[in-house]
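Shown next as structure tokens: one chain only, the form predicted alone.
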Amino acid sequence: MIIGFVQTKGGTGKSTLAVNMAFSRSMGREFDSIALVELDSQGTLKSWWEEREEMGYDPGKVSFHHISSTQKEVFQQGIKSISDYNDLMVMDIPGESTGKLHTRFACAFCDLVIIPMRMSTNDESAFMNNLYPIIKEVIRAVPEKKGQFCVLPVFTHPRLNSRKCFDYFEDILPPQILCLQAVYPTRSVYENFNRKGLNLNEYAKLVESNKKFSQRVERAIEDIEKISKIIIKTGKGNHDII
């Protein structure tokens, strides 16, 4: 299975989500080998992974791959090669204001495209003007791709009624786009867990002696596990490949 976190604008939580999906317990139980792939030339995840290696953290089932090339044939071949040797590939697609080469490829290549999106008119406008036209092109060329594009509501208030959030997106989204029945809340832990190459579960062990911090991390882990389970369920519903 190939999952891509795609959004043409930056700052929507794609990298954090990609990392924690790859290392989630749910994904680890479902898949024997998991590739975390970064296509961003800035290499934010690459630096994070190098810190992990320096600290000697166990990668478990997860391998990391950084493809910085903007040459279409080069990164396409690299991604296809990685997908051949892994049961799950989680792709972090960079935000792209022009060209959108990686975005177009991910929309066409991935089995499931997850679109992190806030409840805001700005995000709605950006999606309709920049990403949705690409999705329409892909579905027009390959009709069976319909149903493989899913919005994940992000940066929601932790106490927000999720049903209201889902209703909002179901009201504004085109019929080809689904809304995952899970949310990614705003939590300070998501900004701090990855220092020194940590993932959420490793960070939880680091702060387990601090009850306040520990509870915050456990809530974040619950967020990620719920999203992971919904993604697995959605993938099973759309494809016979999990």
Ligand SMILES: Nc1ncnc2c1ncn2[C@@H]1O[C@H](COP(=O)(O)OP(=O)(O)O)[C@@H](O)[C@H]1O
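Position 1 is the first residue in the sequence shown; the rest follow in order. What you are looking at is a predicted structure, and each value in this text was computed from that prediction instead of being measured.
Keep in mind the form predicted in complex with the ligand is missing from the figure; the text below concerns it.
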query: Of R187, K46, K61, K196, the one that lies within 4.5 Å of the ligand in the predicted complex (heavy atoms); finding: R187
query: Proximity of S228 to the ligand in the predicted complex, heavy atoms at 4.5 Å; finding: no
query: 4.5 Å heavy atom contact, T234 to the ligand in the predicted complex; finding: no
query: Exercise: F127 in contact with the ligand in the predicted complex, heavy atom 4.5 Å; finding: no
query: Contact flag, F105 vs the ligand in the predicted complex, heavy atom cut 4.5 Å; finding: no
query: Which of 65-73, 179-187, 49-57, 25-33 lines the interface with the ligand in the predicted complex (heavy atom within 4.5 Å); finding: 179-187
query: Heavy atom contacts to the ligand in the predicted complex at 4.5 Å, residues of 10-45 in sequence order; finding: G10, G11, T12, G13, K14, S15, T16
